[in-house]
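Single chain ahead, by itself, as structure tokens, in the form predicted on its own.
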């Protein structure tokens, strides 16, 4: 099998997983490019950023149409993460990289345990319920709903603890900017655990957010010449095939199964963070 075909086929898988889990696909594609395909790290990073933009673009249209993405929430939270990432790039080197990787690795592994044990919160009452309106004020109009094909009903949900989540995502953005890593998994965790959103809303809104972040930084990779056409082209094509498949899968997949899949992603991510901390690898 040729190099082009290998990248294309694996990128289809990365597109499905990225669209389904809200992580953009880069965390899956980057290890394959560097460890299996033997691609130079700079070109692998360039292809990875292309994959994130392609995954988000290919999936967000369908997710927005089906009301999985909480658009208003994603745009507001993105202000926090982008501002944090910008600050992180300026203060990079002031804190031990190995310590940060170790902390993030432990957080991801602990979150994996919580994710395996967690269940989706009870659905909120429909709009118009007086008790609900009194208990959950919504000045930002963030509460929303979506139709769950697996449950065969409309799922209403309330966005909780918005201000702490906004602050925490700023901190996560700072750390991501310092380390040069994506933060899709952390976005999902904040929305799922702190804001108590349904897992499908958390992953799809995260997918929308990471796409915006990646698009903002893609120009830097292009200007540096890190986006090699022979690598980025099959990756982009594979992602554009896989991402729509991921959106179709998310419509019918049970919430519990989606949590279990995300559990393994957190395990892999946590192991990678701890391995970098142990080996002293910054990127």
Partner chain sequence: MALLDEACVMKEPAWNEAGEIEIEDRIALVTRAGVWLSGIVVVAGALLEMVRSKTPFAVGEGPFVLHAGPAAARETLWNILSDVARSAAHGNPLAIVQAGIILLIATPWVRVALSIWLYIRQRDPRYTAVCVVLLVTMTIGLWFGA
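Residue numbers count along the first chain shown, from 1. All values reported here derive from a predicted model rather than from experimental measurement. Here, rigid core means the biggest group of C-alpha atoms that superpose within 1.5 Å across both forms.
Separately, the form predicted in complex with its partner chain exists; it is not shown, and the next lines address it.
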For this session: With its partner chain left out of view, choose which of 114, 103, 86, 95 has a non-hydrogen atom within 4.5 angstroms of it in the predicted complex.
Result: 86
For this session: Could you tell me which one of 258, 45, 232, 245 places a heavy atom within 4.5 Å of its partner chain in the predicted complex?
Result: 232
Exercise. Within 4.5 Å of its partner chain in the predicted complex, do 4, 66 and 220 each have at least one heavy atom?
Worked result: yes
For this session: Would you check, heavy atoms only and a 4.5 Å threshold, whether residue 149 touches its partner chain in the predicted complex?
Result: yes
For this session: Check whether residue 110 has any heavy atom within 4.5 Å of a heavy atom of its partner chain in the predicted complex, and answer yes or no.
Result: no
Exercise. Does its partner chain get within 4.5 angstroms of any non-hydrogen atom of residue 71 in the predicted complex?
Worked result: yes
Exercise. Closest heavy atom of residue 30 to its partner chain in the predicted complex, within 4.5 Å or not?
Worked result: no
Problem set entry | Any residue of 189-222 that, in the predicted complex, places a heavy atom within 4.5 Å of its partner chain | 208, 211, 212, 215, 216, 218, 219, 220, 222
Exercise. Residue 38: CA shift of at least 2 Å between the shown form and the other one after core fit?
Worked result: no
For this session: Kindly check if the Cα atom of residue 224 is displaced 2 angstroms or more between the shown form and the other one relative to the superposed rigid core.
Result: yes
